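We begin with a single chain expressed as structure tokens, specifically the form predicted alone.
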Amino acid sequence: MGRVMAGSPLYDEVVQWMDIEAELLDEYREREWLEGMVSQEVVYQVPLRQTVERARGTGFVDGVYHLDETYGSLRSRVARNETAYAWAEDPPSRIRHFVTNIRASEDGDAIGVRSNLLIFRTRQEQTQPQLLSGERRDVLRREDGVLKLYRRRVLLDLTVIGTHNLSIFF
């Protein structure tokens, strides 16, 4: 994989793609995100993390996930959020995605993107925000000339997720 240098046209395109994605997710424009930015072959995973000694690796458990999604399951989540039956998010949380430290590499028609993520979430009248931080490891690829999310693996910094639900998208 060749590193994509900051300031190059491809790097700028990736950063703009990530900015637009964050805006769509922050504004609950989930269908626009799904249909415009996500490949129908997407694999979208949030693996389970454990606290382990350094000699035992990073602590991510192989094959065990908080979320293990396909395009179909993402579409179902988006559709449910559009109904009156998404009680866990009605009224909706206020969410802000902060995406930083974007590093990109190119391998053929795939673009590997690593970024740091902080999600700031408040709900109803809560005065304590919920914070979710981690690293996203994405693979973007062009479909019909447009960058689409082909793979997403979210490596949370938390071993226990203290939110009341995981109805948000990372």
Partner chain sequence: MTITGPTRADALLDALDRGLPHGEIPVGLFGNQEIYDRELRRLFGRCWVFLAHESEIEAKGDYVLRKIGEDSFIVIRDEHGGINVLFDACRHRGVQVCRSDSGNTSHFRCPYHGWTYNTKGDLVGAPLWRNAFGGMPKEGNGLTKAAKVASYHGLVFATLDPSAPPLEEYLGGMAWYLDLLFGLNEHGMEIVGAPQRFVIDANWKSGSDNFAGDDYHLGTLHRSVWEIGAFPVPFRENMMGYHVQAAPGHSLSFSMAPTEDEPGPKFFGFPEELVATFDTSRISAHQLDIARRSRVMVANVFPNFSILALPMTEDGAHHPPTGVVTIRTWQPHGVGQVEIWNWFCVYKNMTPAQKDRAYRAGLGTFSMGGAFEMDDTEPWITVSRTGRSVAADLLDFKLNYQMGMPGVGIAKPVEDWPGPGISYWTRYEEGVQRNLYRFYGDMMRAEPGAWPKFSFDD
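Positions refer to the first chain, counted from 1. Remember, it's a predicted structure, so these values are computed and weren't measured experimentally.
What comes next is about the form predicted in complex with its partner chain, which does not appear here.
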| item | value |
| --- | --- |
| 4.5 Å heavy atom contact, S133 and its partner chain in the model of the complex | no |
| Distance check, E53 to its partner chain in the model of the complex, heavy atom within 4.5 Å | yes |
| G162 within 4.5 Å of its partner chain in the model of the complex, heavy atoms | yes |
| Close approach of L67 to its partner chain in the model of the complex, 4.5 Å, heavy atom | yes |
| Contact stretch among 104-112, 138-146, 44-52, 22-30 - heavy atom within 4.5 Å of its partner chain in the model of the complex | 44-52 |
| Contacts with its partner chain in the model of the complex - residues in 70-85 whose heavy atoms fall within 4.5 Å | T70, G72, S73, R75, S76, R77, A79, R80, T83, Y85 |
